[in-house]
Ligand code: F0G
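This document starts with one chain, in the form predicted on its own, laid out as structure tokens.
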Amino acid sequence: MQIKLSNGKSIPMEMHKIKIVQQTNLPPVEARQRCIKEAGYNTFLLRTRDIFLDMLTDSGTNAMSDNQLAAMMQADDAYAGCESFYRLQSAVEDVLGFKYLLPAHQGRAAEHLLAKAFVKPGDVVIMNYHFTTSKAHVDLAGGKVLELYKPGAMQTVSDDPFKGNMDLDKLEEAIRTYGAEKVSYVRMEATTNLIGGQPFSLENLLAVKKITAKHGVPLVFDGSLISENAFFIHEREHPEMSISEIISEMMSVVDIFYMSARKSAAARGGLIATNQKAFFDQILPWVPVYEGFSTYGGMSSREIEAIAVGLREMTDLNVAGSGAEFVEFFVRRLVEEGLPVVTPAGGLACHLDALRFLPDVPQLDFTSGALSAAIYLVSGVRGMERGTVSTDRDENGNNVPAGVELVRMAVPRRLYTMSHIEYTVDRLKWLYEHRDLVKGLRFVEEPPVLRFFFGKMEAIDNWDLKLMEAFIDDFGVNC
């Protein structure tokens, strides 16, 4: 909830109380330099004991509610037909309106099942923007991803409230060009992770449905951040509608829904849901092959219980806005300090514009990767590269510059406080003032796919040592 102060400013008010705490650790800067070097300047390969604030992702890192934790204690651990599944099925039907449910252990497992069931070699899958794993599964199935984002989606500085909208004219043209029979499905991602967590509007989703229905193409909805997208629709498009009403309206036009429950539902698992038995029957045989029996789908029954509660809780306005309002505060503070960030604020994270933050670091020297490593070095805060490192090489082995070069500073829901945000803003401001010390990176170990997970790099000209020395001059060795 946004609360207006007597000085006219507003702050996000935490509409919860903290009952359990976890100790944090801030290693000194010399230790951080050793850690990031040993990790190959890849923040994924840092150990959590060496991290102060973990803003790598909001996936599975959100604070769970007391009701979720209580529900986990009533879990039914039966291999088949467990009652926990039926409680989840009831929540899916009540909140999302879908009759048929297929559990999966997380969102990318659901993407794998969809690709296995629907994508054939030579097919295309149309998206408002891709996510790394959504594209990888389509590619591995022999398909091709078409990103039909609207003009302006890649502009990091903007006042467009719905940069996640799909370009409707391009959608019509693509279906005519490839033929409806070659379009496996159209996927709408709420919110578009790789371009700054930007939402799409309800109006755009309804218009996309009209086009897909006319051509007989399934509409697939990635709802990993469904409550955040609904929150933005409430704030920016339909303030007269509740979060629950917006979710119901969106789901009324969706053929297949899937999600990583690790985000909006604040539990570790995933699912696929539909009202069309033909789609259910097409996916069902693959669930036991890759996930487990159809009533647990590779998840612990305790997580199934937590998801059921999380789905219901995410329709509360204060829960749906708990992450988005903190992200907005984070973005606003960085804008006040003159730092380059993606605007407007989106869901899941504050995104730094690496090309404006480090204008002297060429994109093919992995600007975002260098910036994420530098941020950890000066703060102990772990962010995540979302740029060219996250884009695999083309078929000729060439690096492919990303459409945008970002560092994601995720804000898990109900986890951090404003003092954590203010500390991070301060260290980012200091780094921006010393940005000329940061150079690029080059690979020394590179996996063939999704290289951002396990790839290792080295710092060009040992810039990390020079940055550390400047930091010690200003703060000392123990900060």
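Position 1 is the first residue in the sequence shown; the rest follow in order. Please read all numbers here as calculations on a predicted model, not as lab measurements.
In what follows, reference is made to the form predicted together with this ligand, a form of this protein that is not presented.
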Practice task
Please run the contact check for Q68 against this ligand in the model of the complex: heavy atoms, 4.5 angstroms, yes or no?
Solution key: no
Problem - Interface membership of S59, this ligand in the model of the complex, 4.5 Å heavy atom rule - result: yes
Exercise for the section: Flag N193 as yes or no: does it have a non-hydrogen atom within 4.5 angstroms of any non-hydrogen atom of this ligand in the model of the complex? Expected result: yes
Practice task
Report whether the minimum heavy atom distance between V327 and this ligand in the model of the complex is within 4.5 Å.
Solution key: no
Exercise for the section: Could you spot which one of E303, E111, E405, E228 gets a heavy atom to within 4.5 Å of this ligand in the model of the complex? Expected result: E111
Exercise for the section: Would you kindly say which of A354, L348, A153, V186 lies with a heavy atom within 4.5 Å of this ligand in the model of the complex? Expected result: L348
Fill in the blank from the handout: Of the candidate stretches 94-102, 125-133, 81-89, 203-211, the one with residues having heavy atoms within 4.5 Å of this ligand in the model of the complex is 125-133
